[in-house]
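Take a look at this one chain, the form predicted alone, written out in structure tokens.
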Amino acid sequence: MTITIKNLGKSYGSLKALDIDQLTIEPGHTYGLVGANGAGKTTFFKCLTNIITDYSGEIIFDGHNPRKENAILTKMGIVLDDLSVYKDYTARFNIQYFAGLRGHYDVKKVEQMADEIGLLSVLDRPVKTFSYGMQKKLVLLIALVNSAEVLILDEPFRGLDQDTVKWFQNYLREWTGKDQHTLLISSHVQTDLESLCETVFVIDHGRIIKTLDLTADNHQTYRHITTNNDEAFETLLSSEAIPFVKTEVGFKIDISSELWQNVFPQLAENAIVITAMTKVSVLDQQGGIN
């Protein structure tokens, strides 16, 4: 399913929450969305999912306008950070109700997935007895049990233990690898995006200010470097005019630079030992996630 966005705008009083001229989400790809709190991520997702309908401009799903043909939304799985379920009812009821709204679902598949994420034994308990992490598992399960073409996930792993996060990441990697499925995910955890996304949109004050290709080869030569004598190392870098950025984890340096290749042999002469050298991700190079 191709999602085409044109002149998308949303304001809250005098505050312009969204201002996106044009954006196309292609089927079969994985997209991340990053930005500071209040940058517009959740508002964007709520417009995409028809939770907010009083926006200006157009959002078109394969030629269909969801404000006029909301049946198109049955092809989407949705997890928003503030999305709630019926807490006085059981987990099983919530699955039957919300998954049922989007059509048929496979009960055996639900129970198998629930078993793998530790929910099977509590499906008949009221959700109000669940911890926050268990409720998050339930919301994710509801989003995944239908045969969605598009998944929109807003901070989906917040409150989950690492084993459960790994399970969902593995599931999503397998899901996005077939049938032209499309994933849109926002997260403040950098590794979530790096493990799942091909492209990341950076949003600021409601505008897409940058598009990052996490698969690009030209981002692979930066390293975080720490040494046994950072003061001497910094002096050496400065004397050789090697560009660097000093960070909390050492020095960020482009090791493909000819200048770096020239200075590397001088480390031993100056009794400087590199104690750690780690790859810098594309997101780190762009300033990381706020």
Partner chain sequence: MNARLIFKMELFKYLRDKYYLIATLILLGLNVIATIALVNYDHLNSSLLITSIVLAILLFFSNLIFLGIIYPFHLLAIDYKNRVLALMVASGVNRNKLFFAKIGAVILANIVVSFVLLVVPVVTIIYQVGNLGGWDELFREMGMLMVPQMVPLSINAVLSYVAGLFILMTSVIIVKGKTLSILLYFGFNMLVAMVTSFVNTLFTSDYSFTQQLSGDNVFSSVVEVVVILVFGFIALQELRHQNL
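Keep in mind that what you see is a predicted model, and the values were worked out from it rather than measured. Numbering follows the first chain given and starts at 1.
Separately, the form predicted together with its partner chain exists; it is not shown, and the next lines address it.
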Heavy atoms within 4.5 Å of its partner chain in the predicted complex: which stretch among 77-85, 165-173, 182-190, 112-120?
77-85
Just give me the single entry in L259, A232, I52, I60 that has a non-hydrogen atom within 4.5 angstroms of its partner chain in the predicted complex.
I52
Listed residue (S195, Q96, S147, T199) with a non-hydrogen atom within 4.5 angstroms of its partner chain in the predicted complex
Q96
Heavy atom of N70 within 4.5 Å of its partner chain in the predicted complex:
yes
Tell me, yes or no, whether L101 is in contact with its partner chain in the predicted complex, where a contact means a heavy atom of each within 4.5 Å.
yes
Find out whether any non-hydrogen atom of F130 is located within 4.5 angstroms of its partner chain in the predicted complex, and reply yes or no.
no
Taking its partner chain as it sits in the predicted complex, which residues of 1-32 have a non-hydrogen atom within 4.5 Å of it? Please list them.
K10
